[in-house]
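As a starting point, one isolated chain is supplied in structure tokens, in the form predicted on its own.
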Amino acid sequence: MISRQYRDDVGRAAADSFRLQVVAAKETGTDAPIKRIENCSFLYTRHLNMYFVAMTRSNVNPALVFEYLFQLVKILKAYLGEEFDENAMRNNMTLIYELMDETMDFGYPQNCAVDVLRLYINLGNVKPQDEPEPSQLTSQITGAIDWRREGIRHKKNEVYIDVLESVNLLLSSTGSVLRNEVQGAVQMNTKLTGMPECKFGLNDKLVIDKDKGDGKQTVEIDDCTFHRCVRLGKFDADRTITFIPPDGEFELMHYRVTDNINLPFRVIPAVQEENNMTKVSINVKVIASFSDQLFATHVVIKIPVPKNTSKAKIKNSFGRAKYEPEQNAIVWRVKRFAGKAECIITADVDLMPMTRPKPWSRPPIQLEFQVPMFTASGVHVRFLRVYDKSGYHTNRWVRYITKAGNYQIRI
């Protein structure tokens, strides 16, 4: 439909071979998104029924190529709408060629920031309200800070910080931990005037140990990735997170923690098969291990039962529980689960006789929940300092939310 050659080592015939061997053969979804055809590498992703394909004969970094393809789709969504289709592409060919020329030069990705691209590439009918001076525009396109333009003003200078964590747990039937980790993200919404520099601090063990500690809990962060506004040189040197933030919402960093995790819920199951697999008795105790000043919301506990279940007699201390045949499970829903609370559910499950009895595979119990103002890893924000030459006051808000990822207990 549309193509752009940045070097002369790959021709249109190579693109036709991809169309014949991958698209026509309907191989996508089953094979890896990298295909080698006639000494040419094809790296591709999909949006609706369209393929975005990068071709090269060089030994490129595939992560770089896929990041560019994902950014290109994101840019097109910003210009053409979230669900842009083939017709939208055909009706905006000139715009797309402009975007492709600005985002890549001689096969090297360049400026992929939507906010900056909109300053000098628009649809022709929408003119930017505060069009920058040509010299200012040049520095934004070629300079290091393309994610934020100069001259931004806000009546109130505010920063909202969300620390969002997802807990993954796999517990064996004997109670030993098979898998236990927290995936976390720090999301920010900045409304700051000018070009401020921010310094952000977590209770990172390496930083606090180096500063000889302040008596507070520390966390060993295993690995983290940052938004491109963070100065990685300073982080590598002294573990300080320094950055000039984009205006609005963005994800500052993503991290993982595997040690000393404070699990929000303990689950103690007892499941017994009785009378030659004609009955199953279930007793599950759930204990909230977080502070009694907090509470969990949208708690859902799925307790599996055999597929040939006919009925289940359920008793639970609070919340609502019922047998849902389509999920082959007893689903227990609690809107508000207080910290340090304990609750018990018991069930007598009657089974239908089977002509060919099969042993029950015993899938794990699964939990879903959200706990506001709690972090399973223990990560918390120590400080956020905003430095600007005008010295204005900044209001800061911090929120913590922990939710369940794959939280499973084998029975």
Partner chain sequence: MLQVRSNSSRTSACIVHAAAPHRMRKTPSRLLVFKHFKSVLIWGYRGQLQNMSSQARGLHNFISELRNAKSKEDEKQRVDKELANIRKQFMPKGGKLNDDGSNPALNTYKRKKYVWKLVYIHILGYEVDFGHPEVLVLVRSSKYGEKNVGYTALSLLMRGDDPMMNSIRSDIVKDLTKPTAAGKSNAPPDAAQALAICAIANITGLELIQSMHMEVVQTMVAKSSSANVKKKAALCLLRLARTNPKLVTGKDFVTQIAQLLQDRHLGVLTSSMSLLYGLASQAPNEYESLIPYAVHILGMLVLKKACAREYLYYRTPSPWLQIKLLKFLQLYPHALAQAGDSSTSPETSPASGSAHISQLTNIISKILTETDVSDSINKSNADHAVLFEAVNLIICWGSTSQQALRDGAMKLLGKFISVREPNIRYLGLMTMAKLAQLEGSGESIKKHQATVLVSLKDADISVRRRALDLLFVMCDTDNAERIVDELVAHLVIADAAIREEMVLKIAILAEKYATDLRWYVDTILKLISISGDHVSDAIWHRVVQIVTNHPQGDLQAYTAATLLVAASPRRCHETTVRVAAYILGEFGFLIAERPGMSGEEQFRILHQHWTTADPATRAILVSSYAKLANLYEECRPLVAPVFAKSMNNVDVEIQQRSAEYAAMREAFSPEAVEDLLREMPPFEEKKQSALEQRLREKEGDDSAAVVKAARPSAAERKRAAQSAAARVAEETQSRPQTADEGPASPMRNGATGGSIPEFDRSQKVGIPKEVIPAMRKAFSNLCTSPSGVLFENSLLQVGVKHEYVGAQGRISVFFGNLSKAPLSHFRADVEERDHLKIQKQGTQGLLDSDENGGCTVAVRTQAKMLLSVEVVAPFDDAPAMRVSFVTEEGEYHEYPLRLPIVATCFMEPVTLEAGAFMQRWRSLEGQERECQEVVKAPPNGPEIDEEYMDRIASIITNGLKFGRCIGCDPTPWTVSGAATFRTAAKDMNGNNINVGCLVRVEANPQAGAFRVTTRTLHPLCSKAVKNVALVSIKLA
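Whichever C-alpha set is largest while still superposing within 1.5 Å between the two forms counts as the rigid core. Just so we're clear, the structure is a prediction, and the values are computed from it rather than from any experiment. Residue numbers count along the first chain shown, from 1.
One more form of this protein, predicted in complex with the partner chain, exists but is not displayed; see below.
Visitor: Spot the stretch among 267-275, 294-302, 320-328, 154-162 with residues whose non-hydrogen atoms come within 4.5 Å of the partner chain in the model of the complex.
Guide: Comparing against the partner chain in the model of the complex, the contact stretch is 320-328.
Visitor: Given that the partner is absent here, does residue 307 sit within 4.5 Å of the partner chain in the model of the complex, heavy atoms only?
Guide: Residue 307: yes, in contact with the partner chain in the model of the complex.
Visitor: With the partner left out of view, is residue 49 within 4.5 angstroms of the partner chain in the model of the complex by any non-hydrogen atom?
Guide: Taking the distances in the model of the complex, the answer for residue 49 is no, it never comes within 4.5 Å of the partner chain.
Visitor: So in the model of the complex, is the partner chain close enough to residue 311 to count as touching (4.5 Å, heavy atoms)?
Guide: It does: once the partner chain is placed as it appears in the model of the complex, residue 311 has a heavy atom within 4.5 Å of it.
Visitor: State yes or no: in the model of the complex, is some non-hydrogen atom of residue 386 no more than 4.5 angstroms from a non-hydrogen atom of the partner chain?
Guide: So residue 386 does not count as contacting the partner chain.
Visitor: Sort through 343, 53, 351, 347 and report the residue having a heavy atom within 4.5 Å of the partner chain in the model of the complex.
Guide: If I apply the 4.5 Å criterion carefully, the residue I get is 351.
Visitor: Tell me whether residue 361 is among the residues that move between the shown form and the other one (Cα shift of 2 angstroms or more, core superposed).
Guide: For residue 361, whose C-alpha is compared between the shown form and the other one after core superposition, the shift is less than 2 Å.
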